[in-house]
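Single chain ahead, written as structure tokens, the form predicted alone.
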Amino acid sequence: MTFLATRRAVTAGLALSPLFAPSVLRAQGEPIRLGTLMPLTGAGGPYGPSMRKAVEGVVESVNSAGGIGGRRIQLYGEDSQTNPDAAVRAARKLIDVDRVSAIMGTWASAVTTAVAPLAWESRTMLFTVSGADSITQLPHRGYIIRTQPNSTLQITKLSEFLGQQGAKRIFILAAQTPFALSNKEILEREMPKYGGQVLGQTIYDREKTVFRSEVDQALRARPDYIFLNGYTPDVTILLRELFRAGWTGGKVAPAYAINQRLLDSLPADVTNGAVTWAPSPDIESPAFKRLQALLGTNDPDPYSCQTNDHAALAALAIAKAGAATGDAIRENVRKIAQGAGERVTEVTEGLRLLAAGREINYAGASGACDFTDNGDILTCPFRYEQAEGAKLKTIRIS
């Protein structure tokens, strides 16, 4: 997929925004090449199309306003298939053939782990929504920015919630993924603070279609909560197996696993009571409200909010640097997203201020975009929801 603004849109943008259009010649300069690598199919398939549209909205805004220094953004997109091997092939095309300076939107931690070496070796910036702690522990030399909270922050928040719910005995059913072991270790460290404990963990192959033996292992431990640490397809099967086994205790899973697609596929009796948690977008931000309009939904998922910010961060870092390279983005992304600059929530507003020589501090649909030295997001609020009558009901944002 290649996204190109129409000639009419570009022309209109030039007329409306002289700051970005000093001449027709500059507007026709070599495009700035950016790439997306999102899960259009596979376990992450419910999220990929929306994530891509969120990026396209930023690109269209920039191009309609005349581009960056008169240069339009040309967006190239590939499907990761939520599969590391497919993602590596797709990333190689984006880097070697399309010659992008940034890749945005890798979702599954296994995909990001596989793609990351290609990014840092080619000096291509990688923006990701993956959460495994191990990702930013890679020797990435600053070429990774993660807008998704890492596993430590996510599981610490989950432990706090479970403790407040009175959970004392937790058993984990986990897909074989990069974050399975670290999530267990964090939960084991945090739950004793609330008088709880982790009884054990069973790792399963998420390609299986039956998990009765894994469910039986969990039930034999006599937990009061079962943590379903997987993806939508396998968690769907696990919930069905738990219901058939007569489980009436607590069920908790990441929001990317128990979503509306899952609820639509199972009877409400199977899903009622299941709790999810996820990083919460900044629902009061003008950026979030614009994304609601763009996507045609009142509840954009966190990943679309984050990829919307990926595109804005890349564009603003390029404008700040005056160069469209991975190195330029790496060196300038924090300069436009944290510090004492003027707060902006919209990419063209930021471009205007940068063109005027002003400093900016971008905060977008996903919230403040402040990062540690190794590329992790510093903090964010979390939203907790519970399945009730085939719908998810928000029970807390904190």
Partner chain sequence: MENYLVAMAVFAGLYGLMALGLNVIWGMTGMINLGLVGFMAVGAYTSALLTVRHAHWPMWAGVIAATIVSGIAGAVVARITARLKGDYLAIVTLGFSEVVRLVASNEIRFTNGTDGISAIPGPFRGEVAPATFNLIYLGIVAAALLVVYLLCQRLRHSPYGRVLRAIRDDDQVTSVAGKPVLRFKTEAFAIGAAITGFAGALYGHYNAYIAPEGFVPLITIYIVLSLTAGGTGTNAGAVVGAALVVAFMEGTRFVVAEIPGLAAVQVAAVREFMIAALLILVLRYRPQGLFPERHARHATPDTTP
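Residue numbers count along the first chain shown, from 1. Just so we're on the same page, rigid core means the largest C-alpha set that superposes within 1.5 Å between forms. As the structure is a prediction and not an experimental result, all values here were calculated from the model.
Form predicted together with its partner chain: not shown, discussed below.
Look at 329-337, 346-354, 62-70, 48-56: in the predicted bound form, residues with non-hydrogen atoms within 4.5 angstroms of its partner chain sit in 48-56. With a 4.5 Å cutoff on heavy atoms, residue 245 does not count as touching its partner chain in the predicted bound form; it lies far away. Contact annotation: residue 134 falls within 4.5 Å of its partner chain in the predicted bound form, judged by heavy atom distances. Contact check for residue 154: no non-hydrogen atom falls within 4.5 Å of its partner chain in the predicted bound form. Among residues of the shown chain, residue 40 is one whose heavy atoms approach its partner chain to within 4.5 Å in the predicted bound form.
Proximity to its partner chain in the predicted bound form, defined as a heavy atom within 4.5 Å, holds among 234, 78, 282, 214 only for 78. In summary, among the residues 262, 198, 255, 110, the only one with a non-hydrogen atom within 4.5 Å of its partner chain in the predicted bound form is 110. Proximity of 162, 172 and 185 to its partner chain in the predicted bound form is absent: no residue of the three has a non-hydrogen atom within 4.5 angstroms. Shown without its partner, the chain has 78, 79, 81, 83, 84, 85, 86, 88, 89, 90, 92, 93, 96, 97 in segment 78-99 as residues with a non-hydrogen atom within 4.5 angstroms of its partner chain in the predicted bound form. Put the two forms on the same core and the Cα of residue 140 is off by less than 2 Å between the shown form and the other one.
In the core-superposed comparison between the shown form and the other one, residue 323 has its Cα shifted by less than 2 Å.
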